[in-house]
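In structure tokens, one chain follows: the form predicted on its own.
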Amino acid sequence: MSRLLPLVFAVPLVLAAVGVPLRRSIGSSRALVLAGALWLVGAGGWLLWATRDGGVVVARMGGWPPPVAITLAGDTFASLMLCVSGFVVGATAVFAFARGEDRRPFFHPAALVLTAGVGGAYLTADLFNLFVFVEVGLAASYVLVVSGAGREEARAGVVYVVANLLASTALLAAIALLYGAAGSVNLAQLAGVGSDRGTAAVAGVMVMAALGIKASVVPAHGWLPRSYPLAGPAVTAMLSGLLTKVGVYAAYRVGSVVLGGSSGIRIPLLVVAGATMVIGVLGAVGRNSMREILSFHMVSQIGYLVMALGISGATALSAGVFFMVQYIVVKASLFLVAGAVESLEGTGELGRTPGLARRRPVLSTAFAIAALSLAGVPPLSGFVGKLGLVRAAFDAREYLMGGVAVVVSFLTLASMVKIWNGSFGGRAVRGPRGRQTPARLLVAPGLLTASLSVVLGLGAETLWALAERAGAALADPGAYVRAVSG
């Protein structure tokens, strides 16, 4: 079974290669993208079943012994991320098909390469290959962001590319320093080296800092709200569920294995988490378009994930894993709804399309579900995740962080109400212009992802059990280390 691990990212790469000569055949290209998304979901589901007992599936490529071999390792955490990432790729791809956004040059091969990069990043068990897979995904995202863009989109694309190149340079330098100090980039060989005071610990913190830039944590968050609102709506939705979450996933893995839950980084992580939550939610206050507000809230919600890493322990990390999985779905849903509003009404500016609740009730329902989940209103999935994080904070006597998390949730709800009043409530008025695409094709992806949020909330027990298994493995990575080391 371990031999199938390389196929997780190899299959999308092969599909991308096939798609390049077929890019003029829109039907074939779309079928390839959907096949890649379904493959990622299926591979994640298979891996989830294979690791249901808490085990780790390992594959070593090249026939070399560890730590020389390129090692891939899949556990419950990686399996969950593969499943939800594949789902988001599929939903956002369908939305791109409906908008015609996928007619941009090389959209389909780039989406498949992005899928491969994300899949490889979740499975790799050494830091250099993590860097490689992240860069593969980023290279594809550059194409998606700037390809066929207008002047304003191109300007935002420059911000996106420059910020991520700087983050990549910092990450590579930190990995090089860690290799120089510890003599390896294999996670099993690096287990616990960052918990000691010395060069390896400094390098481990530098790796975490570089990943924080990619995840858009404060104070390195400005690139995201300056670029995401101006990219294509389908691209924004796709990236919101993938690349920044890869940064958070990698930070969880490095913090667990390399830094070994070092108490020295706990306070800095909690400070960064609190600042990210607060500054992100306050940044949305003066914004007047749906995607701008949602981009700042994307920053804010990353703070909850960093808070779980800072609190550490099985309970907090389990809540963090649960929150991450459901949050990817919720945020993708919100961006898909915002993109549908822009496509159907001609604008996403608040106050210019009032009365959508009456004219487009299905789209409004999708927004309401996702918005309430983002704010943490029961019984939706966001409530379960935030409740778990707040309880973990109180159990660890981090009362200030727990209080900040609750206050930010109320401010998030206020922003969602602002969007509702500006675009969905009030008397029905036609927007400036609309697309000829049938509304149901644009609304369906947002409604599907919002519905999954309801399922994850009402059936939270199943996901929570998986998240607990993943959180326990992060809190005590011994089994992961032993499996990777062979």
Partner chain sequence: MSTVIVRALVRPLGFLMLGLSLFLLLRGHHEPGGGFAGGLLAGAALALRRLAGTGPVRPRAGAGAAVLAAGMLIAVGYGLVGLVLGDAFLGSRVWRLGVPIVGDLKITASLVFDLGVYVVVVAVVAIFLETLEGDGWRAP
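Since the model is a prediction, treat every value here as computed from it, not as a measurement. Numbering follows the first chain given and starts at 1.
FYI, the form predicted together with the partner chain isn't displayed, but the following is about it.
Asks: Taking heavy atoms only, is A154 within 4.5 angstroms of the partner chain in the model of the complex?
Replies: It does: once the partner chain is placed as it appears in the model of the complex, A154 has a heavy atom within 4.5 Å of it.
Asks: Going by a heavy atom distance of 4.5 Å, is A465 a contact of the partner chain in the model of the complex?
Replies: So A465 does not count as contacting the partner chain.
Asks: Is V113 close enough to touch the partner chain in the model of the complex, meaning at least one heavy atom pair within 4.5 Å?
Replies: Because a heavy atom of V113 falls inside 4.5 Å of the partner chain in the model of the complex, the answer is yes.
Asks: Is there a heavy atom of A10 lying 4.5 Å or less from a heavy atom of the partner chain in the model of the complex?
Replies: Yes, contact at 4.5 Å.
Asks: Report the residue, out of F128, Y179, F106, F394, that has at least one non-hydrogen atom within 4.5 angstroms of the partner chain in the model of the complex.
Replies: None of the other options qualify; the answer is F106.
Asks: Look at the stretches 53-61, 441-449, 455-463, 417-425 and give the one with heavy atoms within 4.5 Å of the partner chain in the model of the complex.
Replies: This holds for exactly one stretch, 53-61.
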